[in-house]
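A lone chain, given as structure tokens: the form predicted alone.
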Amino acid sequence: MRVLGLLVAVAAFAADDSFVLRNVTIHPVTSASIPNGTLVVTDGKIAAFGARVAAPKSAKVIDGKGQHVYPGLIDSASNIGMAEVSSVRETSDLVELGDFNPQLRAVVAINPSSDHIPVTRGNGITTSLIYPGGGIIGGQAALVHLDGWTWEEMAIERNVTMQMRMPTLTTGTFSSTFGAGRRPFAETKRRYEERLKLLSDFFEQARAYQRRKAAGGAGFVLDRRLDAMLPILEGKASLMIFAPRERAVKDALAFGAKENVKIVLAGVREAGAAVKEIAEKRIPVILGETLELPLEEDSPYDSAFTLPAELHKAGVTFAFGTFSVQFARNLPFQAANAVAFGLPYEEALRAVTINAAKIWGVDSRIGSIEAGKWADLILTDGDPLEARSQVKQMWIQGRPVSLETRHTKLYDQFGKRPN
């Protein structure tokens, strides 16, 4: 009887991630949209889709008449699951002490029960890159599904890139007591050069360790911090370098060439003349908020709005990241803002789907609607980049995911309040 019960349970689980969507407009992202189409999901993967696709017998059929199906959106940089209430230190696990912590893994710090996760899913986001903070090298970032009981269930890639912050030459300071201020340039330059040297010295130590490990011998001692750098030095993983300003972007490009490592530029706010070099070297870029004030008082007011279109015209592959926790839900609207300032709509949608998947090396599994890929799907009543569109249903690896959030619970609760 126990064996029979187990078989029934397995069969029920298998059936839960197999279904057919009918009468929907399918938006594959990598090919033309298909009106009034059918999409078949089997064992959590997309089996077939098109205008004339036969549904398997006894398959669960969902009629989505008048609705649209898109691949789940991908946030290419967030801290979701690593912090809950910013003012309560015990709920935040974002930053570690020390300048160099490549051995730290963001994935193990994720709280799968975070209230921010369902709120983010509510806007169509099924996947996020979670990165650690602090120091110059903060640790290993992970690509995760926004669903699962444990971080092991959520993880797509446990170490998809290494987070690094490029030292910057900025004189501006801010204090909650004294407000904005300026640091003397000589002091700023000295601090900048010191941190660049620290970074260079650390990479030298890592390469020396790499040679010692390759040589082996009785005297070799494992160093977890330096050992975590080996995938970077061997070209198996990338460095996601935070470089907001043009100067930092140029420094990051020079650093990547000097150390012969793969880099991804992140949090770029201004690129200037470096755009041409970024394009020539085929360096991917993760853009942040488009609805931002310029970095400098004399910069164009719309510099953040127009940067995505500028990168697209130059042929740069880019994606969007929220670099946030509570505002991770705003990912689709970042892309939409860029459309209003010259970015073609198709490219905006690609930047939160297939482009992100390509940058992180998982485009064979997610990022578009194609046969054989995981069924990470959202069913909407309109364009997911539009604020007024609603996500009606969501599936991650073919499993239906609840769209209930703290917000919807409170809405329902107070909607029933007697007058």
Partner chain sequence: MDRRKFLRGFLLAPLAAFAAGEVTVIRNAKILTVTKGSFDGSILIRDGKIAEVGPTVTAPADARIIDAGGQYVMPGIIDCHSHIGTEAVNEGTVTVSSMTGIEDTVDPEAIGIYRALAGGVTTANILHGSANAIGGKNVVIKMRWGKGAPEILLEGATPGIKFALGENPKRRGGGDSGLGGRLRYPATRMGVEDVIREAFTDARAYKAAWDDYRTRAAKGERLIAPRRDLKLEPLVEVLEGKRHVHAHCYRADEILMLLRVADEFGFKIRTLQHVLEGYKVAKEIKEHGAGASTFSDWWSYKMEAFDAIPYNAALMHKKGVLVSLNSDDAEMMRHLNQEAAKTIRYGGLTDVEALALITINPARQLAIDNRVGSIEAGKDADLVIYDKHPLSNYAKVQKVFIDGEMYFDRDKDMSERAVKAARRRQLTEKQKAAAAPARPAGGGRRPQ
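Numbering follows the first chain given and starts at 1. Bear in mind that the values here come from a model prediction, so they are computed numbers and not experimental data.
What comes next is about the form predicted in complex with its partner chain, which does not appear here.
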Considering only heavy atoms, tell me if residue 259 and its partner chain come within 4.5 Å of each other in the predicted bound form.
-> no
So in the predicted bound form, does any heavy atom of residue 126 sit within 4.5 Å of its partner chain?
-> no
How about residue 294: is it within 4.5 Å of its partner chain in the predicted bound form, going by heavy atoms?
-> yes
With a 4.5 Å heavy atom cut-off, would you call residue 386 a contact of its partner chain in the predicted bound form?
-> yes
Sole residue of 227, 246, 84, 347 within 4.5 Å of its partner chain in the predicted bound form, by heavy atom = 84
What is the one choice in 182, 190, 313, 236 with a heavy atom within 4.5 Å of its partner chain in the predicted bound form?
-> 182
Answer among 236 to 244, 140 to 148, 112 to 120, 249 to 257 for heavy atoms within 4.5 Å of its partner chain in the predicted bound form: the stretch 112 to 120
Judged by heavy atom distances of 4.5 Å or less, which residues of 324 to 341 approach its partner chain in the predicted bound form?
-> 326, 327, 329, 330, 333, 336, 337, 339, 340, 341
